[in-house]
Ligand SMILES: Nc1ncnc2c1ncn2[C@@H]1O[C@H](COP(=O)(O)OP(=O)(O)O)[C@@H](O)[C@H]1O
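Single chain ahead, written as structure tokens, the form predicted alone.
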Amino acid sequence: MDLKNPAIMKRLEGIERIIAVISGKGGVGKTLIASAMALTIAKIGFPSGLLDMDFTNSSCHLVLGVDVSKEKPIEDIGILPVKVHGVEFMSVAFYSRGEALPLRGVEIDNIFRELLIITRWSKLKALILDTPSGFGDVILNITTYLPRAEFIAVTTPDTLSLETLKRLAGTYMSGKISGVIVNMSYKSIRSSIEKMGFKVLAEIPRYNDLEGCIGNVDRFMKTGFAEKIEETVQKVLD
């Protein structure tokens, strides 16, 4: 029995929804979507949180424009997340100074549990988890330590990305996926995804102006991409 489990549950007891944003492969815009979801929930008036669980290569702070070399969470019987545009934000990047961390499996497991045990979240409508691509240690840990977590999968219409989603449909994870977001969509693949047994939450086109808004939340939240995410968040929270 893992005696740290009760400590994790205690830290998360005030959080109404825990939503992990996942993808089978990289480059599909998962971090942008996770960050935008957390920002949108705060924008529409609900308390929200964002936890970057891509421990080896954290990047949510780049989207949010947070300088992790200067800003640090406050220690107060645990660690208080940094507040960014109404979002409670926590990342290992605050301690790695934004550098990549080469970690083995047991080290990832230790950081996963430690970060959940020490972080003092407020009462939140939703805590969004940005995860590393693939279905490795972090995803398995979420299903183990956070049994009430929901999963939103991100894909693109490309063959390789769709193939990873198809493989996911054949695992025990399939029943935990509450929906799929198709990002950088240049054609509708709704029917293909629905045949896999998944609900399509959104098909978001490519926005060429998005890259220039990364790090500037005010500009980022005025993009067409952010508007699509707001529509999606409304569906998720209903």
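So that there is no doubt, residue numbering starts at 1 and follows the sequence shown. All figures in this text were calculated on a predicted structure; none of them were measured in a lab.
Keep in mind that the form predicted together with the named molecule is missing from the display, and what follows is about it.
- Contact with the named molecule in the model of the complex, judged by any heavy atom within 4.5 Å, is made by just one of E75, D158, E114, E107: D158.
- Across the proposed site, G26, L32 and Y207 without exception bring a heavy atom within 4.5 Å of the named molecule in the model of the complex.
- Within this chain, M184 lines the site of the named molecule in the model of the complex, having a heavy atom no more than 4.5 Å away.
- Of the heavy atoms in I214, some are within 4.5 Å of the named molecule in the model of the complex.
- The stretch among 65-73, 38-46, 197-205, 165-173 whose residues place heavy atoms within 4.5 Å of the named molecule in the model of the complex is 197-205.
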